[in-house]
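The chain that follows stands alone, in the form predicted on its own, written as structure tokens.
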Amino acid sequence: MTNRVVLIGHPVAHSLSGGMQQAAFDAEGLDIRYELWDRVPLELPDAIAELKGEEFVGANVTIPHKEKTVPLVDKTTEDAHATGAVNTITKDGKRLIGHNTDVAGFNVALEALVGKQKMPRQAVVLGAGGGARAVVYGLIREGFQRVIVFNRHLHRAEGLTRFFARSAAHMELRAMPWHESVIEAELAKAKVVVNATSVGLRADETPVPAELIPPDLLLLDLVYNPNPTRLMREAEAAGCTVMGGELMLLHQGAAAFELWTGRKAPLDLMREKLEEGIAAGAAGAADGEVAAEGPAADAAAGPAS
């Protein structure tokens, strides 16, 4: 019997995880098929319950279900509990275990973005969905002293900061209203900026006008379009160091693979397949298509929610 791993989200049609994970399963000689399940929120409980079937090894969870999956699993690991979001599910018999490998993926991306310089201590996070939760938790664990969260619906950002109030008791973690003058002032104080919104995912738009971007920021955009997003292009033109969401996607996927299989992920192969998927997406983008999934797509739970 072929075993199954599924990606549960809405939408999932342009997922890059499928090709990456299937190549890894095949390379390791594992009889596992990776499937895409497009499920609207009302269908989520039934989809999660179906995973208890013997043929399922586990699942990935993406937009817009990461937070809603938490009460549907039997147990959450430390990272999933600490973030209030699940992006990977494993099984212990028929018990479903919720994990958050976005945290591990973000840590790798942050370290690569900062490079050899000293880790900064002030950051701005745009968005308040499941991806933003992994980012904020990662910044807290990294020892940041001031993190400001912006979301177009302020109550979402306030809910996120309240959620982390205890773990962030040693630092300043605040939600602020999405006003350009406020954003400009906070960007001038910060060193790291993370876009965890969906802006730029499907259109050449930016959450932050170019004139608000100061030089020398370290900017991570969780969106991973085939080409750099407008935010990335304009930030780079302003003198910032920029990075897209590909590295985070790769490493959260590798961590999920290892949880499902107990084997070390074939990282080079997964990187190769991810790059192939992005290149194919670039060709599709010329016809009006965009490849997106994982942390980037989960960003849609940011300003739009």
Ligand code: NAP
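Predicted model only: the values in this text are computed from it and were never measured. Residues carry their position along the shown sequence, with the first being 1.
Same protein, other form: the form predicted together with the named molecule, not shown, and the subject of what follows.
Only one segment in the set 29-37, 232-240, 45-53, 59-67 has residues whose heavy atoms sit within 4.5 Å of the named molecule in the model of the complex; it is 59-67.
Taking the partner from the other structure, the named molecule in the model of the complex has no heavy atom within 4.5 Å of any heavy atom of R121.
For the chain shown alone, R152 is a contact residue for the named molecule in the model of the complex, at least one non-hydrogen atom being within 4.5 angstroms. In the model of the complex, the named molecule stays beyond 4.5 Å of every heavy atom belonging to L139. In the model of the complex, the named molecule sits within 4.5 Å of a heavy atom of R156. With contact defined as any non-hydrogen atom lying within 4.5 angstroms of the named molecule in the model of the complex, the contacting residues in 222-252 are L222, V223, Y224, G245, M248, L249, Q252, given in sequence order.
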